[in-house]
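There is one chain below, alone, in structure tokens, taken in the form predicted on its own.
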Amino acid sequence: MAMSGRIAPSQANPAQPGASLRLRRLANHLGLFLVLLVLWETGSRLGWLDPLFYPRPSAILRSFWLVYFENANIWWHLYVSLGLVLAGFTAGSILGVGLGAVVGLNPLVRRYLQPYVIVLEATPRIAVAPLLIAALGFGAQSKIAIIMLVCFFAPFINTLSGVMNVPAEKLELFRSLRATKWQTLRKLVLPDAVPVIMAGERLALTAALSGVLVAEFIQRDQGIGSLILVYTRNLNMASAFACIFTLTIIGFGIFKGMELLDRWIAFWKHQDGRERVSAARARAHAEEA
């Protein structure tokens, strides 16, 4: 039997379509961003845009160099603001998740407490901020309280929704096994509600940046918000835009970081997370064998 002289070509690993699609989307976004910058720069140079209120992108880039390297006056303000954001977000998240779990698990508490929480959320933060400053005084305490108030509601509502939407058949199974309320909360309710809770945490952490700006706009002592006020009062709009874009970059990074944390914690809700955990378990079994 004659053998065919044609050799089967080796199969190369095909490129992942998902990665290629992400690269194309990234290229499209970068291209659109560059077009907007060019139009902005051109409009400012031709006098279509008032350079006092819309400084040129080249001037903003120059201001980035000034505030970060030449004058280097933004670092301390960023340190103060991000420290307040972390403290307020942590306090608001603990209070929101804890209270949401209690309210969701206890119908009596939910009946009496939930309306007051909704009324509190309907109250504008900017109206409550002076009251908090009057009660706590000027300083970090009142700023953290304002940020905590901003960060509280999203974790509370999402935790309450996640706790109340646990499948009834799972709860019945835990009751039949005579699980305590603490065991039900720790083994069933909170794990099932983790994806919803993490969505609330993403919203709370990005909202914390707005909260710290509100607090610093009122107190005007230190922080990135007070620095923006100084630049706008001096009509140094390029440096003010540099500070604003800094907050935009930080907020975007925070949101994406929280998405990655969500995919790591609630791995069972994502295909790549399930594959990662399955591969890790397979390696562990192989090492034990």
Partner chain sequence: MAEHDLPQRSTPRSYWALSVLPHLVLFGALMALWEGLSIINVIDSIMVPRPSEIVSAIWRLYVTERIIYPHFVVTFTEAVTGFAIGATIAVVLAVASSLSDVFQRYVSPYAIVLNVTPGIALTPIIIAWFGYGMGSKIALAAVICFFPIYVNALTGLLQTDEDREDLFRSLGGTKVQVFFKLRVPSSLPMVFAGMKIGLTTALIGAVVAEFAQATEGVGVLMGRFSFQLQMAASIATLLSMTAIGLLLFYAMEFLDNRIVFWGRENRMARVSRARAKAWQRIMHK
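Everything quoted here is computed from the prediction, not taken from an experiment. Positions refer to the first chain, counted from 1. We call the rigid core the largest set of C-alpha positions that still match within 1.5 Å between the two forms.
Omitted here: the form predicted in complex with the partner chain. The next part is about that form.
- With a 4.5 Å cutoff on heavy atoms, A122 counts as touching the partner chain in the model of the complex.
- Taking non-hydrogen atoms only, A199 never approaches the partner chain to within 4.5 angstroms in the model of the complex.
- Interface membership of L36, defined by any non-hydrogen atom within 4.5 Å of the partner chain in the model of the complex, is confirmed.
- Using a 4.5 angstroms threshold between heavy atoms, I244 counts as touching the partner chain in the model of the complex.
- Taken together, the three residues L84, Q141 and L261 lack any non-hydrogen atom within 4.5 angstroms of the partner chain in the model of the complex.
- From the list 85 to 93, 111 to 119, 71 to 79, 154 to 162, the contact stretch for the partner chain in the model of the complex under a 4.5 Å heavy atom rule is 111 to 119.
- Note on the partner interface in the model of the complex: the residue among A204, V189, I146, V97 having a heavy atom within 4.5 angstroms of the partner chain is V189.
- For the stretch 218 to 235, the set of residues having any non-hydrogen atom within 4.5 angstroms of the partner chain in the model of the complex comprises I218, R220, I228, L229, T232, R233, in sequence order.
- Core-superposed comparison between this form and the one not shown: the CA of I126 exceeds or equals a 2 Å shift.
- With the core held fixed, the Cα of E70 is displaced between this form and the one not shown by less than 2 Å.
- With the core held fixed, the Cα of G253 is displaced between this form and the one not shown by less than 2 Å.
- Relative to this form, L32 and E259 separate from one another in the model of the complex, with their C-alpha atoms ending up at least 3 Å farther apart.
- Annotation: I126/F153 CA-CA distance shorter in the model of the complex than in the displayed model, change of at least 3 Å.
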